[in-house]
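Here you get one chain, nothing else, as structure tokens; it is the form predicted alone.
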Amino acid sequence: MEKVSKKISSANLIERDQKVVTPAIYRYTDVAFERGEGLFLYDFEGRKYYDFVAGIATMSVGHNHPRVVSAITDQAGKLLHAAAHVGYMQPYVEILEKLISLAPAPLNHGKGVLVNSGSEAVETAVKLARAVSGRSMVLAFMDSFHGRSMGALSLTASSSGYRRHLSPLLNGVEHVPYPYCFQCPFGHKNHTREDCCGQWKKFIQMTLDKLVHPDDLAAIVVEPILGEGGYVVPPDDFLQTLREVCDRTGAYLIADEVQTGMGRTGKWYAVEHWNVTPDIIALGKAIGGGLPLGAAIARSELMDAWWPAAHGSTFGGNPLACRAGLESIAIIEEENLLDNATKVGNFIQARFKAAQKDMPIIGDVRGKGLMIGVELLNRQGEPLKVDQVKHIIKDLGSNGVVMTKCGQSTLRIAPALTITETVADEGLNIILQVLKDTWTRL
């Protein structure tokens, strides 16, 4: 008798998951995904969900894009893995050539190395800066997120929960405040990034005067726009100031573009918005086209100063991920998705700002391109508590929209770069209705 396979249900899969997966893996929604198609996800019962997070800013050209699937299938029939340390692989070279060519000068003539994730890319960048400079100290920022592995976690400072029971971490890291103007770390009220108090500059200088001697500073590591910390866009002189500090001290400026890179903000690299070129860029998330891939690219003289076997990765730059990433980049170029990110991103921000006039729960709307944060407030004008925001996101999932939070009280909106104004509008109708319903319960 032919065996009939039992159809999986969402409830059944969630039950099985809870028996074998650690609760350390937090789920923002109660949705079990069976498949994705373009801008939508589907559960095992066939229900459709607007995907406003795209695998956490990863699925740049949407789910199951036929060209990406074809590239993966073609590569799978040729070579899955051979290891970069053993020999040369065409996809490894080609994606580094592409990533470097898209970077601002002089990084567009730089060199790089491939790893498996954004966390590894950040650690690679710090490792390079320390090795080449011969210095030990690194400056990072409060509210930043650079990864969860022990090295990257030493730089991460968006939640003490990530660090709980894990000290000591990597030595030689000092944190200074990020200019988060809506929730100013220096206590100023009603400030915007356009009229920032600038106290963060004094704090950086005080740190160099009293804690970190400039001769010991290897690097400053920064997200051009905060990711996990709240999708915060800094004042226009922020990156320029960091560039000047690095030039003055001889330290290297490392831009963590893991979340902001590859067109998310309407530019290939977010630093381009401010015409600042870092010495090293860390990449991850979207560069793999949905598969695990990370990269660190740097000025040639830095990479060339690294001796043979100073770094490496068994699976870093595996051909499958490289091909998926290359095809995704080609689609972004050919379909002008950088322009689309800017256009639809402006549309989304405009809708939230229009709704803000009658919805006090919307405290701040910010972002660039399709990296948009909507910070939520309670009736006292204070940020919603984390659990309240998580409840809103669960409600959104129940109503057909998948997204996550960032920071304490900010909705993270990061759909695929292929999103249209029509689909965005439909999803926003659901989001705004859930926010209205939430406000009546606060």
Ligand SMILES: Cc1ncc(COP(=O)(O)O)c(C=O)c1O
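Don't overthink the numbering: it's just position in the shown sequence, from 1. Everything numeric here is computed off the predicted structure, so don't read it as measured data.
From this point on, the text means the form predicted in complex with the ligand, which you will not see here.
Proximity of S119 to the ligand in the predicted complex, heavy atoms at 4.5 Å
S119: contacts the ligand in the predicted complex.
For this session: May I ask you to check whether Q259 falls inside a 4.5 Å heavy atom distance of the ligand in the predicted complex?
Result: Yes.
For this session: Check whether F145 has any heavy atom within 4.5 Å of a heavy atom of the ligand in the predicted complex, and answer yes or no.
Result: Heavy-atom contact with the ligand at 4.5 Å: present for F145.
Worksheet item: Does the ligand come within 4.5 Å of any heavy atom of K285 in the predicted complex?
Response: Contact check for K285: yes, within 4.5 Å of the ligand in the predicted complex.
Within 4.5 Å, heavy atoms only, one stretch in 264-272, 84-92, 351-359, 119-127 touches the ligand in the predicted complex. Which?
Single hit among the candidates: 119-127.
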